[in-house]
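As structure tokens, one chain now follows by itself in the form predicted alone.
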Amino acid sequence: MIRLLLVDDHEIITDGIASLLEEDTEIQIIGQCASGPEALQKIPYLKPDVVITDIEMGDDIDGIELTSIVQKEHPDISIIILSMYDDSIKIQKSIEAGAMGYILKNTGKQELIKAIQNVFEGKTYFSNEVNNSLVKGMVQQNKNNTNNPFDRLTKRELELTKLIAQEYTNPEIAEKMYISEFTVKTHRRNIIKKLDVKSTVGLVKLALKHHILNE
């Protein structure tokens, strides 16, 4: 029998999961908590095998922090994040905190049961959407870590960078690109931030170094 604790500040979610699993003879729901602090209070005496928690719960301890604390204090407990977010950063932070599984709130009964069984057996479980998001996040990270910092810019930002390097003024750039001077200034700030340079002079030096004007 897998002892399962549910943690979510929306009672309709914990009640819904309880209803889905009520006929499963291998899973016993031993408690429902509405917050991270409540879960931390109950875990020592409820002794769950698996905890399913949301990420955002409207208190000082979110699901990721809860996962981290539980893993430090009760490393034998397996954590599954159940969230509406398939954001790669949140997923990565959950994994780093010690989550063994991450599934979305549109998950069906069979996938939910499979996730619980997998983490109980010491395996990991991530839904297809979560795996896809992780892969996309890794691809984007690789792009950002490229040796050519100008690959981080959009096509529009690269066009504007070339004009800056050619010593066009903001009004001239605005006229050439059919945008306002305010938009030019905004793009300029964003470009400097993306390229991690301190000023327009640094931007121009970097552009010359990577032969941007020759492209």
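Take the two forms, find the largest set of C-alpha atoms that superpose within 1.5 Å, and that set is the rigid core. Note that residue numbering follows the sequence shown and begins at 1. On a predicted model such as this, the values are computed, not experimentally measured, just so you know.
This next part talks about the form predicted in complex with the DNA, which is not shown.
Taking the partner from the other structure, the DNA in the predicted bound form has a heavy atom within 4.5 Å of a heavy atom of I192. With a 4.5 Å cutoff on heavy atoms, Y45 does not count as touching the DNA in the predicted bound form; it lies far away. When contacts are judged by a 4.5 Å heavy atom cut-off, I179 counts as touching the DNA in the predicted bound form. The DNA is not drawn, but in the predicted bound form it has a heavy atom within 4.5 Å of R188.
The stretch among 148 to 156, 45 to 53, 62 to 70, 29 to 37 whose residues place heavy atoms within 4.5 Å of the DNA in the predicted bound form is 148 to 156. After superposing the rigid core, the Cα of L21 is displaced by less than 2 Å between this form and the one not shown. Here E181 counts as shifted, since its C-alpha moves by at least 2 Å between this form and the one not shown after the core is aligned. Core-aligned CA deviation for H10 between this form and the one not shown: less than 2 Å.
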